[in-house]
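One chain comes next, on its own, written as structure tokens: the form predicted alone.
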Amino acid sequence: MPTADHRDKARRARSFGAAAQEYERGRPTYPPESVSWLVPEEARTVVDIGAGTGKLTRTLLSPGREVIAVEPSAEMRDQFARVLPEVRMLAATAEFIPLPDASADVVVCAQAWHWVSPELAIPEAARVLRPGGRLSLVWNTRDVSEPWVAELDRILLERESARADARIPHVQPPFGLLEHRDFRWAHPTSPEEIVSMVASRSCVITMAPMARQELLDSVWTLVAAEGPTEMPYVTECYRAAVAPA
């Protein structure tokens, strides 16, 4: 039987559809050098799990490569189709991927692995991958070494009741050694887009309306005064290959 923690995680994961437009407007993409580390140039078939509105997908596209997006939220899929109508999209999850065995070179998951059930998602990724294929996981985290970003995080932590997302993944056989690398970069943005980014967070979406508005007002006060033109990020990347049989 699912625990209260599992039920809460599932509820928060489902909430993103309600903020699909804010997600597209406010969330960053991913630096090309991080994608090159996550996905080898020779990869011909890449499965993008939890593709959302296609923030990572558009960076994965390359001549001669097929990218297959997987996304459970209908609202997110609608946003995705507006941006990337040519990319194949599957209404599915990391735990049940409707693709044949050994059909992909890389399974990549951006900003979403903490929502999945690893006991199901890990063997499912291994099933879909060809021998030697790679599972790649990535998160964009705000770089709080910048003072105003640290203040933004203080506001969020002060108002949010939910715990911080766990971003240190654990993989198990048939995957081998988990490698990790960080990439520092800055995403062009505006105060309005930063408010949209905050509004697209699951724990903000699921707040009571009054508390949510108070939080967004506090964020707007900070960023309107600061007037940032970019948001510094650390892109945290992990990869592991299917171990030889």
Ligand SMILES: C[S@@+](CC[C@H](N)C(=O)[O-])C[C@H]1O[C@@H](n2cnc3c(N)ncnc32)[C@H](O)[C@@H]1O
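Start at 1 and count along the sequence shown; that's the residue number. Here the structure is a predicted model, which is why all the values come from computation and not from measurement.
The next section is about a form of this same protein that is not shown, the form predicted together with this ligand.
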{"property": "Candidate spot 71, 95 and 110, all three touching this ligand in the predicted complex (heavy atom, 4.5 Å)", "result": "yes"}
{"property": "Close approach of residue 116 to this ligand in the predicted complex, 4.5 Å, heavy atom", "result": "yes"}
{"property": "Contact label in the predicted complex: residue 67 to this ligand, heavy atom within 4.5 Å", "result": "no"}
{"property": "Touches this ligand in the predicted complex: residue 76 (any heavy atom, 4.5 Å)", "result": "yes"}
{"property": "Contact test in the predicted complex: residue 31 vs this ligand, heavy atoms, 4.5 Å", "result": "no"}
{"property": "Candidate stretches 208-216, 44-52, 181-189, 59-67 - the one whose heavy atoms come within 4.5 Å of this ligand in the predicted complex", "result": "44-52"}
